[in-house]
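The chain below stands alone and is given in structure tokens; this is the form predicted on its own.
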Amino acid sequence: MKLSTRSRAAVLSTALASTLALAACGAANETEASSGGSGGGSGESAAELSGDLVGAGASSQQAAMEAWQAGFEGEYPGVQFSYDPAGSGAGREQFIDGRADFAGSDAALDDEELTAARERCGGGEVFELPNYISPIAVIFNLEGVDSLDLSPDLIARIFTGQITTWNDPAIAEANPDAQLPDTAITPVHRGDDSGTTDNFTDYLFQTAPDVWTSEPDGVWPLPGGEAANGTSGVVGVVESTAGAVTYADASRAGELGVASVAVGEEFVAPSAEAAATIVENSPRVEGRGEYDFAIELDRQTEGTGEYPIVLVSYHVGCVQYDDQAAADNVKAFMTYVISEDGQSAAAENAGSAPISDTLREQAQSAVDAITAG
């Protein structure tokens, strides 16, 4: 499996890989795997699946992909699986030009890419499944303070440098019970092109437009602050710098402070449940195919228990492939990914939020439709 060492989460341990593989092998020995539980639901037995399965794309999925690989290869040892975490754009390009059977992408296909993808799929439909959901936390290093309530405007003012100390009156007003020191704020952002940055800046652009005027982008748009590459890089800077603050996968917060963000009349902390809920409740992008479940994430939600700073990463593929083996392998892999076992494995290794039953049923309808012709 082609994976870079710049993983956004710890590399899957040998013990975990062995556990997943053994569990999956047990499922493979059953007469037939069910489509909604663990393992592939393609209707093909493990012995009948073979050949290559090639994926490419989002590095955000890398740690989850390691877990999915372990489970899938344990169930289907005849399939040679690889995933190149070259980035979302590269993954979409490799899928569209036929070098990859599916793509992982932190953004849905745009209109031009969708047209090209349909051509790649022989003029047929494309599936886009939001199979990887990760809450993005605002995390900080402030002695004696474990949590803070922050509105979108406060977060935007902190990251634009308009608020420079933690005892600023605006922060103090929102957190009357906190003992806030006069420590200087050091905003830390990603120095590399990042899906996390793209989602974080999209949140600020939608919810604090009077303060945050830069268009959403995977490249940090403002001067100033500290920059570091990768999730490990920004978290490392915050851990070693008193007063530092950044945005990163919630699973990486560790002993650092975590902000709850204003949603309607309440403040919501990042959690798997709250992240999955907003994805489930967000509307689909209009004008797409029956099995295209790209969503318009509702960052301005006021729904109870919804957390709006979320990274949603898709799996993109053809509903109909030219090659039967490719169709069977993609179908089996996607069935494992969306299963409870697959989502649990990803959550354990990557800290992602398991998709809801509603999202699973939705994705299963697309997976069931995958065929060759």
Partner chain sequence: MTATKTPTERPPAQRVVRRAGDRLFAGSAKGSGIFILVVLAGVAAFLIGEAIPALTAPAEDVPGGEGLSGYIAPLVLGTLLGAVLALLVATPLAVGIALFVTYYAPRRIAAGLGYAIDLLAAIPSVVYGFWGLAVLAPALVPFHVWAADHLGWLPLFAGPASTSGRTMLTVGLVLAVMILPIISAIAREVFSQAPALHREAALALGATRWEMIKMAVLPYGKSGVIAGAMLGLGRALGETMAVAIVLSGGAGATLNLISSSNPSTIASNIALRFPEATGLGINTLIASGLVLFVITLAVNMLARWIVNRRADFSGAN
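Predicted model, so just to flag it, every value in this text is computed and none were measured. Numbering follows the first chain given and starts at 1.
The protein also exists as the form predicted in complex with the partner chain; that form is not presented, and the subsequent description refers to it.
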**Request:** May I ask whether 124, 339 and 368 all come within 4.5 angstroms of the partner chain in the predicted bound form, judged by heavy atoms?
**Result:** no
**Prompt:** Just one of 260, 164, 229, 206 has a heavy atom within 4.5 Å of the partner chain in the predicted bound form. Which one?
**Reply:** 229
**Complete:** Checking 151, 115, 271, 186 against the partner chain in the predicted bound form, the residue with a non-hydrogen atom inside 4.5 angstroms turns out to be 186
**Item:** is_contact(residue 147, the partner chain) in the predicted bound form, heavy atom dist at most 4.5 Å
**Value:** no
**Request:** Would you check, heavy atoms only and a 4.5 Å threshold, whether residue 89 touches the partner chain in the predicted bound form?
**Result:** yes
**Asked** Taking 4.5 angstroms as the cut-off for heavy atoms, does residue 335 touch the partner chain in the predicted bound form?
**Response** no
**Request:** Find out whether any non-hydrogen atom of residue 224 is located within 4.5 angstroms of the partner chain in the predicted bound form, and reply yes or no.
**Result:** yes
**Asked** in the predicted bound form, which of 208-216, 299-307, 276-284, 89-97 comes within 4.5 Å of the partner chain (heavy atoms)?
**Response** 89-97
**Asked** Of 197-218, which residues get within 4.5 Å of the partner chain in the predicted bound form if you count heavy atoms?
**Response** none
